[in-house]
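Okay, so here's just one chain, in C-alpha cells, the form predicted alone.
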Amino acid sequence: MPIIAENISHVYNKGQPDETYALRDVSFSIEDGEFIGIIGHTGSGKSTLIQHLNGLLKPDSGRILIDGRDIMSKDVSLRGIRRKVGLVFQYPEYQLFEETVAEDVAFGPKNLGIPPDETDQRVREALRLTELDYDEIADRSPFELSGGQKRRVAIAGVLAMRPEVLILDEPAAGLDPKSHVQILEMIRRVREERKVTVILVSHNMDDVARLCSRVFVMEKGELILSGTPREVFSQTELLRKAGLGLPAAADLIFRMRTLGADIDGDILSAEEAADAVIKWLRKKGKRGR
C-alpha cells in the first residue's frame, strides 16, 4: 500500500498574526514494507506530517495518496484509511482507559464491528506480537503495569486493528534503557512478521541508523534531505545546521577526523567504527616505523 505526499503544506492559525507554516511543499513516496525514519529538531513538523498520513489533519494544499487514492476525496472513507494506517502517539499509555488489558486492546476492533470471536483472536495475537502473555495480563488493570508494559499494551491496541502501515511517534520516549531497546526490537520483529510498513519518528539517531531503510530529515516544515541512513548521516554539516546530531559511532569518527585522523568511509555502527579505528592505528603504526 504505497503512500505518496504531493506538495503538502499545512498552516496553523491561518489568516492570524501568528500564522505559521508547519509544513511547506513536502513531497515523498513510501513503498510497501519500508522502514522509514523521520528526524528533525523540535518544531520541525514531524508530528504534524504523520498526522496527515491517516487523515487526522488535512493539508491546506497538496494531497496524500494511499494506494493511489486521495484520502481527502469525498468517496474515500477516513475510517477505512485509519484501519489501514495505524498511528501510535507519543506516550500512548496515557490513552489507556478500560478496566482490563484485554478490553483496552479490543476497543478498536469492537468499534469496527468485528465479531467477538475474531476480536478475541486479534487481542491474543496483538499481545503476542508485543511480547505480553495473554493468560498473565489479559484480566489485569492496565494501570497496574510497568511503564514499558503499558506502552506495549497501547501499541497492541493499534496492532489489533491489523494496519498495513504502522506509524510511531517516539515510541521509546521516557523509557529506561532496557525497555527502550526492547520496544524498538519488538517493533522490528512486528515489521518482519506482519510485513507492515513502519514509519518511525525519533530523536535517537542510533535507533534510526540501526533500524531504518530510509530517513527523512525535516527542518522548519520542509523536507530538506532523504536517503539511506548512510547517505543521510554522511551529510554532517547539513545535519548540524538543522540542530541534529549523528549516531554515536559516526560522531566519534567525525571528531577524530577533525583532530587529523585519516579514517576512510561512512561509519554508522560501533562495529564499523572499531574496524576503522583499528585499520587507522595499523596504518599509523607502519608510517611510524
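Every value quoted in this text rests on a predicted model; they were computed, and no experiment measured them. So that the term is clear: the rigid core is the largest set of C-alpha atoms that superpose within 1.5 Å between two forms. In this text, residue numbers run from 1 along the sequence as written.
The following text describes the form predicted together with a small molecule, which does not appear among the structures shown.
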- Item | Position in contact with the small molecule when the complex is considered in the predicted bound form, options 240, 41, 58, 230, heavy atoms within 4.5 Å | 41
- Note on the structure: in the predicted bound form, the residue from 54, 236, 47, 226 with a non-hydrogen atom within 4.5 Å of the small molecule is 47
- Task: Mark residue 22 yes when one of its heavy atoms lies within 4.5 Å of a heavy atom of the small molecule in the predicted bound form, and no otherwise.
- Result: yes
- Answer for residue 16 alone: is it within 4.5 Å of the small molecule in the predicted bound form, judged on heavy atom distances? no
- Query: So in the predicted bound form, does residue 12 come within 4.5 Å of the small molecule, heavy atom to heavy atom?
  - Reply: yes
- Message: Core superposed first: is there a CA shift of 2 Å or greater at residue 271 between the shown form and the other one?
- Response: no
